Ligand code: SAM
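The chain below stands alone, shown as structure tokens; this is the form predicted on its own.
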Amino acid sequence: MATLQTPQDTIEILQKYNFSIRKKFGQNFLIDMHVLDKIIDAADISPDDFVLEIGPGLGAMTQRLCEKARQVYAVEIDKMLIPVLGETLAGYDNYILVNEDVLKLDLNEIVKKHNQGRPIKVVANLPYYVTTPIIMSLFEEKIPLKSITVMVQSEVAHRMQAKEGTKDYGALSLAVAYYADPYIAANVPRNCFIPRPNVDSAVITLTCHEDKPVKVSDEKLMFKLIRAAFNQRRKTLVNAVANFEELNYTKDEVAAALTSLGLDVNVRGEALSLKEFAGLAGALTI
């Protein structure tokens, strides 16, 4: 078994398999073992945990997860990495490796089969281009989750925990707030990777709510209103919602709903909290 403890270990395994970095998969392999330790610490893995790892890459983090968890279910989209993972994970018997696109898997069925439907922990070093789709899929598909600990672009991590009225606040901030409590566990400079990306990264843990922080009668409507608000964020909320093709409300209806909530009819979506968006969805369904 090849252990991945140093940057040289990573270089040697890449050379052994004559592996070419594939840009289409957004591959950047973490070579700073201290950062790996921070990810594992932030994920708070226990011997009873079933962990879904998305994008194991060369297996450096997978090795650590296998040492901590009851079982690791590793999903790798690049078939060229499967032989590499076969070597780097050869010393472990508590993992399942699948060559799939995680967005095409029935994760609820996997959780039911391998963890009796109990909440799982997700750990991942996500390609930047697919970060938001994967995180939103995990939430929207109602996967039983304890937490999601991921390496993401620094800018995205700050958007996830942004509050109303700030420049980073947006639809992602609201979605994360609805489903989880975000905490940035570590900032990761670009020189911690091979190849070096053009931006810095951050490790963020999303601890999932057992009970949602707001009550909303129509969850889908609330998120349509949120998308409308930030699709044209410089417009007033009245205009943004009235112009949004997925909704069918007049300006007068939106203005009346805002007034009923004690909100200014000229308010922009970026000024509304999650609770206020939930209230707006309720007011528009009366």
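Here the structure is a predicted model, which is why all the values come from computation and not from measurement. One-based numbering along the sequence shown.
Below: the form predicted together with the ligand, not depicted.
Proximity to the ligand in the predicted complex, defined as a heavy atom within 4.5 Å, singles out one entry of 172, 75, 162, 145, which is 75. Though the ligand is absent from this view, in the predicted complex it lies within 4.5 Å of a heavy atom of just one residue from 89, 208, 81, 186, which is 81. Residues placing heavy atoms within 4.5 Å of the ligand in the predicted complex fall in a single listed stretch, namely 93-101, out of 109-117, 136-144, 200-208, 93-101. Contact between residue 45 and the ligand in the predicted complex is not found at the 4.5 Å heavy atom cutoff. In the predicted complex, none of the heavy atoms of residue 63 sits within 4.5 Å of a heavy atom of the ligand. When the ligand is considered in the predicted complex, residue 236 lies well away from it, no heavy atom lying within 4.5 Å.
A residue is said to contact a partner when one of its heavy atoms sits within 4.5 Å of a partner heavy atom; residue 182 fails this definition for the ligand in the predicted complex, lying far away.
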